[in-house]
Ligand code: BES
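In the block that follows, a single chain appears as structure tokens, in the form predicted alone.
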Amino acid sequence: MNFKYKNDLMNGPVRPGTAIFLFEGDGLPEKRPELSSFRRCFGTLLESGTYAGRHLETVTLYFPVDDTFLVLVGLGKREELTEARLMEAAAKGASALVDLELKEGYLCLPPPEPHGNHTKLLGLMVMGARLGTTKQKNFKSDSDERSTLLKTKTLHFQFLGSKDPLEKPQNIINRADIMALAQLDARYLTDMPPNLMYPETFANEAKRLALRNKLRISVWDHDKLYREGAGGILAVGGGSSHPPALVIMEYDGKPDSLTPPVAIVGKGVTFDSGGLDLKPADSMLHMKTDMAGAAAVLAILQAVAELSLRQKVLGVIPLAENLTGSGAYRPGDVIKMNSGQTVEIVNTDAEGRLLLADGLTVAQKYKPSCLIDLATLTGACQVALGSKCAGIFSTDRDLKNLVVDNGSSMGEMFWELPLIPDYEEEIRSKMADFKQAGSRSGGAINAALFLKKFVRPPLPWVHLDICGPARNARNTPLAPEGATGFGVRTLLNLLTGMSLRT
């Protein structure tokens, strides 16, 4: 389905399918003069109280004389509107138009206030529309792929009024769509069944995307990991018949870009049984999602190439399957990491930090300007912040603020958690440099403090614990039940901003 920009006047629902977005309590034409010509179509609904414009409240009106449809989508109260709610409304409106199975649909965008400007508003609406109209792949034997093809071929976005508020609006749409499609790619990879998506097949997918997007790629197989001394990755992957791997992808930016790369490391546990410290069956059910960080990094690298950013970007993706085979690592083991430090294993279900630690070490060999990792790392973070918000830890206030601000701008929430020095007592070991995990109390902080041991000061570093928002427990306007691709929009927006400053 294509997205296009439309700049013309429209008086009434003269087109086959039109979606209009209304704030709760908005009177017409007093607060929305640009919609005054539509009053005859839905004014009665507003005046009677039949339709109030509550958030995501949707009604479809049919006009048989013109054989046209008008879809009303509620934005809720103006003062309660957020970027995420705006995207959800766009998803709802676009989905309603697609369900009408018309060849074309039209989305009349609301005013940009109270969030940002026309450019930002259009970008958010495009991303919401793409995310809300893309179906999840299934593997049913009777599934007909043709039935998933949308009959709606084009959705047009437009601001009502005589003066076009934007320059090169189609460029805005195209860039926003690339970002949304990257998030969909991350969702797709994360939702793949673990018998189909394991370290080798993930690495093969990375090679395919690197070739298509002219990215440099290096894949460390088991032997290379052993030669390089990546003991954390090897330990976690030792119990699986699918050997571990490490993917390194480089986007070189524009030829005149002299800035060092931004390094992003993503946890890639393609399935996590917990190892010998086996998870309960219910907790294991969705552990294919434990590679959400890795999928996000791969999607981000593909997108930065498609966006032709000036900023150089490095992606490091450690991959392993944490199972219980004869080579599985054990509680009590002491392993030597790629950094040369030694770690005492106390719980084989705290495996992700071992992968990330080696990944962080490898990334620093490329002398990046800053270091970001994202991982479904701790259930403790989800307990603390729920399923909508990720935890953020950082050694650099400016970098932390950049991530939080870009997340807010893209409708993704992050909440800072502290790196409390006194808690390092939890990971001290009598027989190794430190232990891999501490007590359950403060579990997310203990994990972050462990990772901090592998980041050399003064390099700015941010750790994103996305355990909660990486997966939807039920369908939402922006994503079905399953992987969400959380973090992709935030980091792409951050990298785009960095690219403009280089």
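Just so it is clear, the structure is predicted and the values come from calculations on it, not from any experiment. Residue positions are given as counts along the sequence shown, with the first one as 1.
Absent from the display: the form predicted together with the ligand. The rest refers to it.
In the predicted bound form, none of the heavy atoms of residue 242 sits within 4.5 Å of a heavy atom of the ligand. Using a 4.5 Å cutoff between non-hydrogen atoms, residue 89 does not count as a contact of the ligand in the predicted bound form. Taking the partner from the other structure, the ligand in the predicted bound form has no heavy atom within 4.5 Å of any heavy atom of residue 112. Among heavy atoms of residue 279, some come within 4.5 Å of the ligand in the predicted bound form. Exactly one of the stretches 250-258, 172-180, 373-381, 309-317 approaches the ligand in the predicted bound form with heavy atoms within 4.5 Å, and it is 373-381. The three marked residues, 262, 392 and 462, fail to reach the ligand in the predicted bound form, with no heavy atom of any inside 4.5 Å. Checked against the ligand in the predicted bound form, the residues 219, 287, 98, 328 give one hit for a heavy atom within 4.5 Å, which is 287. Checking 412, 358, 321, 351 for any heavy atom within 4.5 Å of the ligand in the predicted bound form turns up a single hit: 351. Taking a 4.5 Å heavy atom cutoff to the ligand in the predicted bound form, the one contacting residue in 461-482 is 467.
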